[in-house]
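Just one chain follows, in the form predicted alone, and it is written as structure tokens.
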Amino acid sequence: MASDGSHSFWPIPADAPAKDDLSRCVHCGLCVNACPTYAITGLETESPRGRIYLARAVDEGHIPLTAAVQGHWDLCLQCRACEAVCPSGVPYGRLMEHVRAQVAAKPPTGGKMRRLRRFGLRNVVARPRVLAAAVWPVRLWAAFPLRGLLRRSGLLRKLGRLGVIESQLPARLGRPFRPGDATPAANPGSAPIVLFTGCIMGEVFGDVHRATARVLTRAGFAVEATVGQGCCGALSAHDGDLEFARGLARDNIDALERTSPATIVNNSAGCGTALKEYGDLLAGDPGYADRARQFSARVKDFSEVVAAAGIPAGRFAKRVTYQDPCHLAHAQRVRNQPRALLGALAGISVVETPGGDMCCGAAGLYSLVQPAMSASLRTRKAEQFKKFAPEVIVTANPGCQMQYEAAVCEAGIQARVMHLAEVLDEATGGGRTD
């Protein structure tokens, strides 16, 4: 929620962090041990409490918005693990989006890179045809016959950041999934479900959408992928481009309102959180505030819907570890349903790794803009994978899936990285998707 416009120390007073949000932090410190960047650095300024203290200092005019202050905010993953343990209910994710909007408006440092990032999010990620063209060469590379040989040779690891990006690519990119794609036939009278297809998810992880549709159909739903929907706006909001994110939110509301009262199912943790929080994002828009709240009330994570409805008995005789996507566990507070669905499969062995609910370091664009911290967090995961040797690593967010592909390479183990929907689909008769 934006401030009332009375903040004179912020570049965009109308979108400044609200005083009520800032004042809710009582500096108890319970958030500190939950914070990934604090776990790596041990620095108070790299904890939620420290970052909020800096925001209050800027808000009250005690310090200017400097490059050092920006650096501490930029290092935040926005994983929102702090929210899950905060006794005061500090809306930290909302705070960070609004402080980043201030940085984006007048960046003390790194303005050129930020403008380039904004251009990419606005003109590539949010434009389906442009995104499809951009992904096309990546799709060709993923299927390149000599890719595995080049990986084993170690040459790709010498490419620095580009090599890390390459290691995040799955062994195969499935066909893109477009809004309006045919979905499995359902029984007459099946409850209607709208599948949110998004941007990256539909373009790179089309197989996950198809698996999601098949599982939902087996659970008794009629699945529709509505034409007109698009990027949820999460990446832009996290980067401080709130006005553009609001425009994307309005577009999705317009596109999906006609499907009311059908449940909107999402299978990407980050997108699902953004959709569920459209009410906050558009709270200041008189034409959309009520509509946004009604829209958000219809959004459910895939695991919430399937756990409540039930699916046919399945079998998955593998040693599996489930890694919580941050926005699913900490923002949406969905932890038990994915584990219950996995635990119900015959033959499965589910292993809980220490830190399974700590951020992997993907965090949207974070692995690109903060490669050192992202690598440190990825290494923590790789060490756990090497120690516990799962055959399958399961999660429910595209960025996490890509980060775990890199972690598997780093650990030097043989393991499949799968979305929860792919596991359930394979276990209940969908066949192996890779």
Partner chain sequence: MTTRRELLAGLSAIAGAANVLWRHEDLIVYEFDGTIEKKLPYAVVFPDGAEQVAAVVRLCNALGFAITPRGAGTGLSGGAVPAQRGVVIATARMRRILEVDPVDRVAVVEPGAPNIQLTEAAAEHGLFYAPDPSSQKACTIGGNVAENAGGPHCLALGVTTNHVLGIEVVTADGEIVWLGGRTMDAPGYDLRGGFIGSEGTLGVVTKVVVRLLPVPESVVTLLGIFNSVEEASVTVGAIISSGLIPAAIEMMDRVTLQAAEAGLQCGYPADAGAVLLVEFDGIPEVIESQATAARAACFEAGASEVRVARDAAERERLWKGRKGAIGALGRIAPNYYILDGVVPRSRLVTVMAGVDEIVSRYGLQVANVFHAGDGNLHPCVVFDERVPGTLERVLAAGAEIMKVCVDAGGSLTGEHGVGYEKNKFMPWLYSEVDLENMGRIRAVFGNHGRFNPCKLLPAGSGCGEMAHNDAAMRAAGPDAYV
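Positions refer to the first chain, counted from 1. Everything quoted here is computed from the prediction, not taken from an experiment.
The form predicted together with its partner chain exists for this protein as well; it is not shown, and the discussion that follows is about that form.
K.L.:
Mind telling me which stretch in 315-323, 205-213, 293-301, 88-96 gets its heavy atoms within 4.5 Å of its partner chain in the predicted complex?
P.N.:
Of the options, only 88-96 has residues within 4.5 Å of the partner.
K.L.:
Which of these residues, Ile12, Ala411, Cys25, Ala415, gets a heavy atom within 4.5 Å of its partner chain in the predicted complex?
P.N.:
Exactly one listed residue reaches within 4.5 Å, namely Cys25.
K.L.:
Only one of Leu54, Met402, Val392, Met373 has a non-hydrogen atom within 4.5 angstroms of its partner chain in the predicted complex; which is it?
P.N.:
Of the listed residues, the single hit is Leu54.
K.L.:
Even though its partner chain is not shown here, does Val69 get within 4.5 Å of it in the predicted complex, heavy atoms only?
P.N.:
Although its partner chain is absent here, Val69 would touch it in the predicted complex, with heavy atoms inside 4.5 Å.
K.L.:
Going by a heavy atom distance of 4.5 Å, is Gln384 a contact of its partner chain in the predicted complex?
P.N.:
Looking in the predicted complex, residue contacts with its partner chain do not include Gln384, since no heavy atom lies within 4.5 Å.
K.L.:
Within a 4.5 Å heavy atom cut-off, is Thr379 in contact with its partner chain in the predicted complex?
P.N.:
Contact with its partner chain, no.
K.L.:
Can you tell me whether Leu30 touches its partner chain? I mean in the predicted complex, with a 4.5 angstroms heavy atom cut-off.
P.N.:
Yes, Leu30 is a contact residue.
K.L.:
Which residues from 32-57 come close to its partner chain in the predicted complex, meaning a heavy atom within 4.5 Å?
P.N.:
The stretch touches the partner through Val32, Asn33, Tyr38, Ala39, Ile40, Thr41, Gly42, Leu43, Glu44, Thr45, Arg49, Gly50, Tyr53, Leu54, Arg56, Ala57.
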